[in-house]
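Next comes just one chain, in structure tokens: the form predicted on its own.
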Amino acid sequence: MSGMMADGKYMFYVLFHPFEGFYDLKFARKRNYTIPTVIMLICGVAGILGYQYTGFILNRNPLFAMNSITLFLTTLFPYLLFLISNWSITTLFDGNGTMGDIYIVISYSLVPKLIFDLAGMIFSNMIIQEETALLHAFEAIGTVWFCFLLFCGLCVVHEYKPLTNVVTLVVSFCSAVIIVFLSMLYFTLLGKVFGFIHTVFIELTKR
């Protein structure tokens, strides 16, 4: 428990000292995935809460069609997809970060975005239509902070210069698109194969 408390305190240190914080996480401190996993779970729950409890002025979601499991998975999917695509690309670009390192960087970087998004969800129930632009600007602070921490963390764990990191991020995005496309193609073909087998089975049983 004391180890988790120490990791939790260090998480907030990383938010304000990203280069030094992520360097210590990679090279000096004992690696622990408990806090990053808790952050990811909170992120998934935040997606569910935001879907349901965002103020009615901004909330156009069909609550009757709400599926908590689907919301949880779709909230985490972009981050896990980036984890896989960035790891696969950086192995080609001589990156020194492991998949575990990237997972920790993404998780810790999500903290300010979670804080601002959850605060924005609460404030969305207190504002009027004319104040929505201010709320979006407030939530954008968390998103920009997240992107900054992610960029710094990837520079540190992969030991990249900023320009190299930018290139790998662009290639990682392209890789993510390719992964999604191939996955959709694979599952579509798999569905057709099972459909064909099912049709053949039905025909055989009728004879």
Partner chain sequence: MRDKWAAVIAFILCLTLQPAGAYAANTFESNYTYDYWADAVRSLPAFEWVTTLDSGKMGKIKMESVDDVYVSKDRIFLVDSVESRVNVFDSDLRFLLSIKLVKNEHGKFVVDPETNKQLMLNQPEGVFYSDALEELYIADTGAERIIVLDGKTYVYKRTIEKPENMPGVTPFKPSKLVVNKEGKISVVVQGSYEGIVEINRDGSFFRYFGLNKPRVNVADYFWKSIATNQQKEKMKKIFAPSFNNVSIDSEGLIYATTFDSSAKDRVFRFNAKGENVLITYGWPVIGDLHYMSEQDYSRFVDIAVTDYGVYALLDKTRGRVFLYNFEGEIMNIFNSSGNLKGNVRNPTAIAWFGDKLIVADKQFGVAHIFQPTEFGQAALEAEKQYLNGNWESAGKAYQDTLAQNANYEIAYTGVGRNYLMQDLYEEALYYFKLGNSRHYYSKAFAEYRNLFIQQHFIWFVVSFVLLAGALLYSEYRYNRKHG
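Model, not experiment: these values are computed from the prediction. Residue numbers count along the first chain shown, from 1.
The form predicted in complex with the partner chain exists for this protein as well; it is not shown, and the discussion that follows is about that form.
Of the heavy atoms in M126, some are within 4.5 Å of the partner chain in the predicted complex.
Mapping the unseen interface onto this chain, L73 counts among the residues with a heavy atom inside 4.5 Å of the partner chain in the predicted complex. In the predicted complex, the partner chain stays beyond 4.5 Å of every heavy atom belonging to D94. In the predicted complex, the partner chain lies farther than 4.5 Å from every heavy atom of T37.
Heavy atoms within 4.5 Å of the partner chain in the predicted complex map, among the stretches 166 to 174, 139 to 147, 22 to 30, 54 to 62, onto 54 to 62 alone.
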